[in-house]
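One chain is shown next in C-alpha cells, namely the form predicted on its own.
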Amino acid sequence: MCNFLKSQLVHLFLVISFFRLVAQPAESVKEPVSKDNPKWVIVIHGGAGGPVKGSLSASQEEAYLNMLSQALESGSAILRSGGTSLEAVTAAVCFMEDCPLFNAGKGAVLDEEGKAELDAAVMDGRTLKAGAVGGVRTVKNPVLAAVAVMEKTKHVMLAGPGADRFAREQGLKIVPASYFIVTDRYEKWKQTKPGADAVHGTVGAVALDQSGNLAAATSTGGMSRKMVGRLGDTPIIGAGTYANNKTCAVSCTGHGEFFIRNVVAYDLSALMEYKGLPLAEAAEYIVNDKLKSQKADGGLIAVDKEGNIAMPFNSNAMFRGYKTSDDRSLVAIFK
C-alpha cells in the first residue's frame, strides 16, 4: 500500500510539474533582457575641466543641470519605447549640439582663426561599426554626419571639406559658419592669448538598450585657439569613443592629445576583456591613476553590458548624468 501511495504521489508530482511548465509564461524564461522588466541605461557628459566649485552662479548651475536633464530625457524616451542604443545616444548628443551652453555644435569654442571646427563619432557595440567626422565647419549636427559615414560609406572617418560635402549630399542640415559662434564664446576667445592654457570640453552619451546592445557617441568643438586642422580624441575610434557588446561603451572628455596617446576608450574595454577588471575599477585606474600621473585632466562616462555605470574624472568638474529603467537618475557638475 505504501508503495502504491508513493507511486501515485510521484505521478501526481510529475503531472503538476508538467502543467506548471506548460503554463509558464515566456517572459519568465531567463534571457539577457526580461520582457517584464526590460533594462536600459543612458549616461551623458557635457565636458570635463572648466569651473571650480562655487564659480558658477546659482542660475548658471541651474541652467546646466536643466539642459543635462533634457538631454537625458531625449535619449531615455527612445530607450523606454524600445528604441536602439545608437538612436538614443545620437538623440542625446544632438540635443547638446543644439544647446549653446556646451562645447559642441552651436556654442563650440573657436580655433586660432576665430572659427568653429567640429568633430564627432559614433560606434555600435553590436556590429563594431563606427563613423566619424573631423574638422567640419557647416554641418549643424556633426554627430548625424558621423552616423551617415558609418551607415552610408565603407569608411570610418571623413575630415575637412570632404566631410562637409558628404553631409550636404546626404541631405543633412547645413548652416553658415557664423551659426556656431555665440557671443560668450567669441568674447572669451578675444580675451584668450595664443598659447594660453586651452579650454576644452566635449559632449557624449553611452547607452544600453532593451536588446542588450551598447552604443557610444561623442561630439566636440575641441580646444580653444587650437591650430586650424587639429583633431582631438573625439573622432578617433578607440581614443575618445568606443563600444563593444562584449564589454562596454565609452565616451571621453578632456585633454585630447593624452586620450589619443593612451587610447583611453579602447583601453577601458581591453582591461575588462583581457584582464577581467570590472567597469568601475578599470575606469578609475585609467582616469585617476594612469592619466593623472601624466598630468592629463579629464574624465569619461561608460556603461557595461550588465548596465553598470562609471563616470570618473580628475578635473575640477564634469557635467554629467544618467537615467535607468529602474528610475535611478542623476545630473551633476562637481564631485
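Note that the structure is predicted; figures quoted are calculated from it, not measured. Residue numbers here begin at 1 and follow the sequence given.
The form predicted in complex with another copy of the chain exists for this protein as well; it is not shown, and the discussion that follows is about that form.
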Practice task
Classify residue 275 as contacting or not contacting another copy of the chain in the model of the complex by the rule of any non-hydrogen atom within 4.5 angstroms, answering yes or no.
Solution key: yes
Exercise for the section: Mark residue 100 yes when one of its heavy atoms lies within 4.5 Å of a heavy atom of another copy of the chain in the model of the complex, and no otherwise. Expected result: no
Handout entry: residue 123, heavy atom within 4.5 angstroms of another copy of the chain in the model of the complex
Key = yes
Practice task
Mark residue 166 yes when one of its heavy atoms lies within 4.5 Å of a heavy atom of another copy of the chain in the model of the complex, and no otherwise.
Solution key: yes
Handout entry: Answer option from 229, 82, 171, 176, heavy atom within 4.5 Å of another copy of the chain in the model of the complex
Key = 229
Handout entry: Of 130, 144, 181, 91, the one that lies within 4.5 Å of another copy of the chain in the model of the complex (heavy atoms)
Key = 130
Exercise for the section: Please state whether all three residues 110, 301 and 307 have a non-hydrogen atom within 4.5 angstroms of another copy of the chain in the model of the complex. Expected result: no
Fill in the blank from the handout: Exactly one listed stretch (231-239, 82-90, 101-109, 204-212) reaches within 4.5 angstroms of another copy of the chain in the model of the complex by non-hydrogen atoms, and it is 231-239
Completion exercise
Checked 257-277 against another copy of the chain in the model of the complex; residues with a heavy atom within 4.5 Å, sequence order, are 257, 260, 261, 262, 263, 266, 267, 270, 271, 274, 275
